[in-house]
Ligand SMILES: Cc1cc2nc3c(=O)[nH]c(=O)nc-3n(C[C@H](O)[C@H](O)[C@H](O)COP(=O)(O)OP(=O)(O)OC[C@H]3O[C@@H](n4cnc5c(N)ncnc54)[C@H](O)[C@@H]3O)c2cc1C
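What follows is one chain in structure tokens, specifically the form predicted alone.
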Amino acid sequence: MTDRIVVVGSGFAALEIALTLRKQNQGIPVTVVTGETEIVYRPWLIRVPAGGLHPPVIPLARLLTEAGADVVSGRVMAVDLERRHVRLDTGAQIEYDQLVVASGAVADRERVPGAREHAVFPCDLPDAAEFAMRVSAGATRVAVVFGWERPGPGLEYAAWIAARRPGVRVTAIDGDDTMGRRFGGKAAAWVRAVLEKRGAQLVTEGTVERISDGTVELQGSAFEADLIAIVAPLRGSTEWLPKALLDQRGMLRVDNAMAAGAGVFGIGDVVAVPDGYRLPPALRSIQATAAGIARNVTGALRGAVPQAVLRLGQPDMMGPDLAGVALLVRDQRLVLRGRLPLLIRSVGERRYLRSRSAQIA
């Protein structure tokens, strides 16, 4: 029987690894198990509560089919690592020789006590829509709690609302000392100045201990709000995988070749890399690793030893879009600020969206 690669996921990681696998070796069948036919370009969700248009949509199923991949609609419920098959919610089983986990991450609603009951998590699509609706409906005091694994979007939401919704009082609250640990003093001061110029407040003293009804509780202080958003601690979308493959946050533990074990590789937000290694944020990490992971996956079909994809000592890079300006931070050092980093980011985004036939409003 012909070797078969199965990719599980519905986002950028699944799309990019499947396209790369097909490009590298068209003779190997690739099946993508996905619950979606389209990908909403989530980085532009930050503009919606500020009155922006709906983010672009990428035709996931069409692109995969055109590339020669098989697309199976469904949700994976379990995997048998020994027999090498995945079981779907339809009851169907799909055999594989190599499995690529690209199932992404979702908001960890339990990390902050009280958050599930009293906050929205706009990194998830339904919550992003609710967040936008409630801002548009007249919430005048909005608290955006940011930090943890992905601090950029929270700062972006806060900056865009402050810039485009002058009647809304925005408080951006650092949930876990992200500004001190990752931004450094100069970058933090510049972000504070940008927000304050727009009438917003940046709170960096203390860490968030609890969310109650209308209140963000920190060590020694509290802030009231009509609407609280947390953007957001993350956990892996990996309920279908054996716990032995996962870390305490449900992320897939991989080595520097992005392998999680015999016949299993990971890509994208779902992975937890070894100590000493680092991935760029979201789409950039996928683009940076897809070719190497694809070579390892196809090489494993021949019995080849996977080669390192990750390198030690990669910098911690961040570049949040603060509505008209942006900054680039590298290992707590402010490298660029103003309109230039925003222009660089915008050019790259639009080039990618055009390459993936995105429908841009």
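For clarity, every value in this text was computed on a predicted model and none was experimentally measured. Just count from 1 along the sequence shown to find any residue number.
Same protein, other form: the form predicted in complex with the named molecule, not shown, and the subject of what follows.
Undergrad: Of 289 to 297, 332 to 340, 51 to 59, 38 to 46, which is the one stretch near the named molecule in the predicted bound form, taking non-hydrogen atoms within 4.5 angstroms as near?
TA: The contacting stretch here is 38 to 46.
Undergrad: Answer yes if any heavy atom of Val120 is within 4.5 Å of a heavy atom of the named molecule in the predicted bound form; otherwise answer no.
TA: Heavy-atom contact with the named molecule at 4.5 Å: absent for Val120.
Undergrad: Heavy atom to heavy atom, is Thr20 within 4.5 Å of the named molecule in the predicted bound form?
TA: Looking in the predicted bound form, residue contacts with the named molecule do not include Thr20, since no heavy atom lies within 4.5 Å.
Undergrad: Give a yes/no on whether Tyr277 approaches the named molecule to within 4.5 Å in the predicted bound form, heavy atoms considered.
TA: Because no heavy atom of Tyr277 falls inside 4.5 Å of the named molecule in the predicted bound form, the answer is no.
Undergrad: Using heavy atoms and a 4.5 Å limit, would one call Arg150 a contact residue for the named molecule in the predicted bound form?
TA: Result yes; Arg150 sits at the interface with the named molecule in the predicted bound form.
Undergrad: Tell me, out of Leu283, Val168, Leu81, Val203, which residue has a non-hydrogen atom within 4.5 angstroms of the named molecule in the predicted bound form.
TA: For this set of options, the contacting one is Leu283.
Undergrad: Going by the named molecule in the predicted bound form, which residues of 74 to 90 come within 4.5 Å of it through any heavy atom?
TA: Sequence-ordered list: Gly74, Arg75, Val76.
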